[in-house]
Structures are given as structure tokens and as C-alpha cells.
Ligand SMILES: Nc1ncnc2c1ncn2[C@@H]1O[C@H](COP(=O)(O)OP(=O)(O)OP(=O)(O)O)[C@@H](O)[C@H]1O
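One chain comes next, on its own, written out as C-alpha cells in the form predicted alone.
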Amino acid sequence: MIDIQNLDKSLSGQKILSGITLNIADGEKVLFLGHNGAGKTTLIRCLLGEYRPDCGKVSVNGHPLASERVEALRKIAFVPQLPPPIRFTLNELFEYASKIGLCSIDKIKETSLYFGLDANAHKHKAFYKLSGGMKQKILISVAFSRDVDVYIFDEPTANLDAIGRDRFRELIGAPEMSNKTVIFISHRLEELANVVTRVIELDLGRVVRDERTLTVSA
């Protein structure tokens, strides 16, 4: 599914990732751990093609990011920790998402309602004016409404209320997600203890822990 070979990346003259080699298989639920500055976000940006590696390679479903970025990313949904300042209204955002993400607007609204957010009541509001929790619910709803093979969540429950966190765990644990690959960056270990099947810890740009497990410990 995702193959990373000998990946190095430096930013502003500082090496952030060094010799990262990983293979993430279909259906794995992977939690990336590490202190701030360990390289987690940089690695995700390399997976999304936002950063070009200094050396090494990344491929998704056999498509190398360096030469086939569109094909590699077509089946990936990503929810960032900090929502972008999108100026679209919710109606406009849903229409845009449905066109480029091949997802149903009705499905997005249904999923947001499951999170306790009535999108129709806010359809004329600009996305960037919503609260942090509302933005996160909308972006997660868009992600779950797409037909993709890989989901990447950066601190997915950071701004969610208790109901939202419960709903997120329920969606991740649903039977239809069993064959989906999910990558988390999260410090809320207890919330994902019964979800993740693999823990990968980074420190100073290197993998220092990689284990398959049914439980998570700090």
C-alpha cells in the first residue's frame, strides 16, 4: 500500500528525516508517535507529496509520488491538525469536495449530522468563520464521505467534544473500515488504544520503535 525507502529530508539546512524505511500494508491502523520536532509532520508531508525527499522514494499503491503524484494521491483522504482558512461557504465547500473528491454531498451532510453538526443550519457561513470543533467535524465528514483506500489524520480529535470523539472512534471501528489503511498522528493514546494495530515512534528523524500491537501504551 505505502512503501517508503531510505527517505531523507532536510529543511533550512537541518536534517529532519534520516533513512526512513517503512512498508504500511492494506488495512493497517498505524499510530505515529514522537515528541515535537521528531519528524512526524514532515514525514506526512512527504507522503502527501507536499515535500520532495532529498533522497529515497515514496510510493502509494505502486505509484511513485515523484512521477505519478495524482495517481498516488487519488485514493488518500487527509485531515490536518490545523484546518486551512477556506473562504468557501459550507455549500460551496461541499460542492467543491464532491467534484474533486468524488463524494456525495448528502453523505457529507449525513456524516456531519452524525457528529452532532447540522450542516444545513450553517450552509451559508464561511468555513473559516466556524469554531475549531465545527471545522474539524466538517473536514472529517468530507474525508469519511470519500471512497478512498488510505486515511491520514493529524491529531483528529484535538478540537472535538466528547460526542465527536466517540463518533470518530465508532466510524474508525466500523466494519467497512476493516480493509482501509489509517494513519494517525495523535497524543491521545487512550482514545486509540483499541483501534491501532501498529505503533511507529520517531525520534530525531529516525524510527526508534515499530511494533504491531493490539493495545497502546505511552
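Sequential numbering from 1, following the sequence displayed. Because the structure is a prediction, the values reported are computed rather than measured.
This next part talks about the form predicted in complex with this ligand, which is not shown.
Could you spot which one of Gly27, Pro64, Gly37, Gly56 gets a heavy atom to within 4.5 Å of this ligand in the predicted complex? If I apply the 4.5 Å criterion carefully, the residue I get is Gly37.
Give a yes/no on whether Ile200 approaches this ligand to within 4.5 Å in the predicted complex, heavy atoms considered. Contact with this ligand, no.
Contact with this ligand in the predicted complex for Ser98, defined as at least one heavy atom pair within 4.5 Å: yes or no? Although this ligand is absent here, Ser98 would stay clear of it in the predicted complex, with no heavy atoms inside 4.5 Å.
Is there a non-hydrogen atom of Thr89 within 4.5 angstroms of a non-hydrogen atom of this ligand in the predicted complex? Thr89: no contact with this ligand in the predicted complex.
Would Leu11 count as touching this ligand in the predicted complex under a 4.5 Å heavy atom rule? Looking in the predicted complex, residue contacts with this ligand include Leu11, since a heavy atom lies within 4.5 Å.
Out of the stretches listed (40-48, 56-64, 175-183, 161-169), which one is close to this ligand in the predicted complex, meaning heavy atoms within 4.5 Å? Answer to the contact question: 40-48.
Looking at this ligand in the predicted complex, is some heavy atom of each of Ile16, Gln81 and His187 within 4.5 Å of it? Per the other structure, all of Ile16, Gln81 and His187 touch this ligand.
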